[in-house]
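Starting off, we have a lone chain in the form predicted on its own, written out as structure tokens.
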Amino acid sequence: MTTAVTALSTSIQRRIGRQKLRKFILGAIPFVFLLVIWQMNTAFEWLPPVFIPPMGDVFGAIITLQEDCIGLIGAITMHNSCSMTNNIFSSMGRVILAAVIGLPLGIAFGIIAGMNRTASKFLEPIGVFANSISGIAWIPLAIVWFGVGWLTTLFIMLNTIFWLMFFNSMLGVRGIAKVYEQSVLTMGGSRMDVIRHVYLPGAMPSIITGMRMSMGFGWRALIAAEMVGGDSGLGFMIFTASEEFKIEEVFLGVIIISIIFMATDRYFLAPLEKWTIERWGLVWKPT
């Protein structure tokens, strides 16, 4: 038995890699700890189920939500938010659309603003001001302007993503020494060469940081906007469940949001950071 376990462990280490396996185990420990505490609370009832529902009820809510949706379809009274799957795709669609529009615009305008030191100092207070009120603070006005639905949530997301990307990109470009730009121009390079070979690589750590921050804060703003001014999405699902005191569905929505964002960060943003920052030698890469 011991020999078989050892052989299995060695095989896993060879396929995954010892470093990756160690990183995975260390990252999983906090979640395992939380799950254990959650299960212990269910067993010993430290807090009543109205505050923290049993784990089985939370995951059972997946089946309940789909069954309710099927029942509504049969009664020909289906609403576009009855299905948990529809709500997930609705929220993800808004995030993708806002990211496709907001990220490139924020990076482009941030680089342009950062290239001019005088203009960047003038625009920095505007960026700070816009970031302080971006997102959730705009929800009441967005509802008045656009009503309840897609436009309101999209506006809130774009407002959050754009200003964070703009501010971080501008500061990243402004922090690059002027001598690098002058060197490229002296060697006959064009302004586009300066952007491509100096500003973009030099500002990339700030750009990636801004990207990860904007997606994180964007998700928060989206959920809040869907709760107040949305007609579908995970935020709308959570808000509807809380009004009906279905705490297990609220917990399920929170877990789904966390999983989606962690997957986005792990499989998109982190590889992007590795491909850009490490590629240009802007961070130390462990051997």
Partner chain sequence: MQSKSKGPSLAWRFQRLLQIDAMNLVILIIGVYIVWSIISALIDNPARYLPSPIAVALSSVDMLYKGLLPSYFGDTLMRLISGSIIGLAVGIPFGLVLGINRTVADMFHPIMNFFQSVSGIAIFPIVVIWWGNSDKTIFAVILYTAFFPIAFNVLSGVREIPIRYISAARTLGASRFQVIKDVLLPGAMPHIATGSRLSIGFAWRAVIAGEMLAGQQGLGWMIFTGQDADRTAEVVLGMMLIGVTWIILDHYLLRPFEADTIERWGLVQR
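Because the structure is predicted, anything quoted here is derived from the model rather than measured. Take the two forms, superpose them, and find the largest set of C-alpha atoms that agree within 1.5 Å; that set is the rigid core. Positions refer to the first chain, counted from 1.
There is another form of this protein, the form predicted together with the partner chain, and it is not shown here; the text below is about that form.
Contact with the partner chain in the model of the complex for residue 242, defined as at least one heavy atom pair within 4.5 Å: yes or no?
Looking in the model of the complex, residue contacts with the partner chain include residue 242, since a heavy atom lies within 4.5 Å.
Please determine whether residue 85 contacts the partner chain in the model of the complex, using a 4.5 Å cut-off between heavy atoms.
So residue 85 does not count as contacting the partner chain.
Flag residue 151 as yes or no: does it have a non-hydrogen atom within 4.5 angstroms of any non-hydrogen atom of the partner chain in the model of the complex?
Residue 151 lies outside the contact set for the partner chain.
Does residue 63 reach the partner chain in the model of the complex if we count a contact as any heavy atom within 4.5 Å?
It does not: once the partner chain is placed as it appears in the model of the complex, residue 63 has no heavy atom within 4.5 Å of it.
Could you tell me if all three of 128, 138 and 254 have a heavy atom no more than 4.5 Å from the partner chain in the model of the complex?
Per the other structure, all of 128, 138 and 254 touch the partner chain.
Under the 4.5 Å heavy atom criterion, name the residues of 20-42 that approach the partner chain in the model of the complex, in sequence order.
Heavy-atom contacts to the partner chain in the model of the complex: 22, 23, 26, 27, 29, 30, 31, 34.
Align both forms on the core first, then report whether residue 239 has a C-alpha shift of 2 Å or more between the shown form and the other one.
False for residue 239: its C-alpha shift is below 2 Å.
For residue 229, is the CA shift between the shown form and the other one at least 2 Å following rigid-core superposition?
Not so; residue 229 is displaced by less than 2 Å.
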